[in-house]
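Next up is one chain by itself, shown in structure tokens, the form predicted on its own.
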């Protein structure tokens, strides 16, 4: 880990209570980290107040880091970041964390689940896999939000889906507007249903959306072992989903989590 000074080059409210910050590195002017890791930002040095924030950008963009912050909690960190203006400097220490795509998972189907700002490290992982590492295996994302007006980066993920045939994503609203045409409810139910269908009948066309080379005669246990899960967001989603995945036979070694609150 290393101490950094950075300058706010961009700061905007992108939807609801979600703030986006682009921090250009000043000293040192380069950073090395793994997609999914976080930094510890100094909020008030005199009082020793620091807060953890996942890096939303991919490691290849080594001259800066991007942060996504939900300021709704109105805590010390939220207030500090909310009031930062372009040109101001911040200090942080990085990198930290083990919520990264494990080497043992790179040849498996990668299933990502996020709620709210839990998309931050997962965005970094997916961009790194697709753009930097040219990952060819199947990648799927479920992102749960409350309301339509809270949503952002939708076009970005849509464009990734169009450009990379091995990537598919779904936006799921828990409080959708009338006549909402897409998925609604909770991410848990959608992922569990997908997992059940995939493990019971892996050769079924509507379940296996990505036609990787795979023996349809493989056993249920072998099929389950080819799935790796990365969950990030509120602790209730993570606890519930981890339990339900275990109930349908997913080994805990294939479930990786990062709780945001």
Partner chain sequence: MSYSVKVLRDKCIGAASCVAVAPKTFKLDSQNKAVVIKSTGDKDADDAILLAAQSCPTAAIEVYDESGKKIWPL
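Being a predicted model, the structure only gives us computed values, none of them experimental. Positions refer to the first chain, counted from 1.
If you look for the form predicted in complex with its partner chain, you will not find it shown, but the lines that follow are about it.
Each of 40, 46 and 96 comes within 4.5 Å of its partner chain in the predicted complex, counting any heavy atom.
At a distance threshold of 4.5 angstroms between non-hydrogen atoms, residue 52 is in contact with its partner chain in the predicted complex. Of the heavy atoms in residue 7, none are within 4.5 Å of its partner chain in the predicted complex. You can rule out all but one of 226-234, 32-40, 189-197, 65-73: in the predicted complex, only 32-40 has residues with a heavy atom within 4.5 Å of its partner chain. Taking its partner chain as positioned in the predicted complex, the only residue of 1-19 that brings a heavy atom within 4.5 Å of it is 1.
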